[in-house]
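Let's start with one chain on its own, the form predicted alone, as structure tokens.
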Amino acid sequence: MSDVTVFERLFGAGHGVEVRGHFVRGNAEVAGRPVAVIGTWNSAAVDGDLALAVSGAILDVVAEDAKSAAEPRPIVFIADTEGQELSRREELLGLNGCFAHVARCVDLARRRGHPILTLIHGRAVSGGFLAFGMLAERVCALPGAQVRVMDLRAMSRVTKIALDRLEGLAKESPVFAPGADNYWRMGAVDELWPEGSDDWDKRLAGALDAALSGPRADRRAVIGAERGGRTLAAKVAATVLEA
């Protein structure tokens, strides 16, 4: 599906969202409310330049709205990434620091009153997703979205655990398994938009209302326990906090 089709289904005609290479940026309206749109596109391998473009766009929105008497605009993240750029050059140039900068910018935007909503279109993989999209108040997976932290084959190489053992564990526990539905069970994804749905604008308006009215605290571990995806995380966190 082209970027034009996706954005028109989300924001209607007349939006100001553009894709330049792998970078998404622009302004739009959701149910009459102005929003800033920032993100990645076309399964982007996020390198330092793209990470700094995302963080710079976030800081621009924060600075622009600080000069205005209007309420801070919600920020809609578009996540479509295959993860961080895997190259020695990017590592030596400090890609991890660039990702940390993105996360700090997201935190700054939240502290300045910008509600944050993430829409996963295409792929959301590893650090390219964790550093910004997964930090939102609400995360929605569009039809066909794929979510994972690490491919099981790569996980096998890193952990030295046999691939067939990991595949068996993935069938028993969503913690090991890729897929948007497994991330929904763990509480990391709030909504799974069904295949064939043609009301993306209405779903987006509802998700934004939920992000605006919902708790600002991180409840993913609690939700994961309620959905049976992570049965111990909330208990362990509570025990640590009480110690």
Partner chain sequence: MKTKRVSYFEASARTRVAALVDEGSFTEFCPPELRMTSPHLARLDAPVGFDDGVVVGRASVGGRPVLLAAQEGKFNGGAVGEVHGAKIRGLLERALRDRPAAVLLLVDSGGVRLHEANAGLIAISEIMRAVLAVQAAGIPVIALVGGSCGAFGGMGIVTRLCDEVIMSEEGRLGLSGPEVIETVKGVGEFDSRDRSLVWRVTGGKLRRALGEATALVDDDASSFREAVVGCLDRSSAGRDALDELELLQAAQQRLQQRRERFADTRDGLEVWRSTGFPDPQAVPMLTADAFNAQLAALHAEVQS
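The model shown is predicted, which means the values in this text are computed figures rather than measured ones. What we label the rigid core is the largest C-alpha set whose atoms superpose within 1.5 Å from one form to the other. Positions refer to the first chain, counted from 1.
We do not show the form predicted together with the partner chain, though everything after this point is about it.
Asks: Do all of 68, 141 and 210 end up near the partner chain in the predicted bound form, with near meaning a heavy atom within 4.5 Å?
Replies: Heavy-atom distance to the partner chain in the predicted bound form: none of the three under 4.5 Å.
Asks: Quick check on residue 182: any heavy atom within 4.5 Å of the partner chain in the predicted bound form?
Replies: Yes, residue 182 sits close enough to the partner chain in the predicted bound form that at least one of its heavy atoms falls within 4.5 Å.
Asks: Answer yes if any heavy atom of residue 163 is within 4.5 Å of a heavy atom of the partner chain in the predicted bound form; otherwise answer no.
Replies: No, residue 163 sits far enough from the partner chain in the predicted bound form that none of its heavy atoms falls within 4.5 Å.
Asks: Under a 4.5 Å heavy atom criterion, is residue 175 part of the interface with the partner chain in the predicted bound form?
Replies: So residue 175 counts as contacting the partner chain.
Asks: With heavy atoms only and a cut-off of 4.5 Å, decide whether residue 126 touches the partner chain in the predicted bound form.
Replies: Yes, residue 126 is a contact residue.
Asks: Are there residues in 223-243 with a heavy atom within 4.5 Å of the partner chain in the predicted bound form, and which are they, in order?
Replies: 230, 231, 232, 233, 234, 236, 237, 239, 240, 241, 242, 243, in sequence order.
Asks: Rigid core fitted, is the C-alpha displacement of residue 151 between this form and the one not shown 2 Å or more?
Replies: Passes the 2 Å threshold, so yes.
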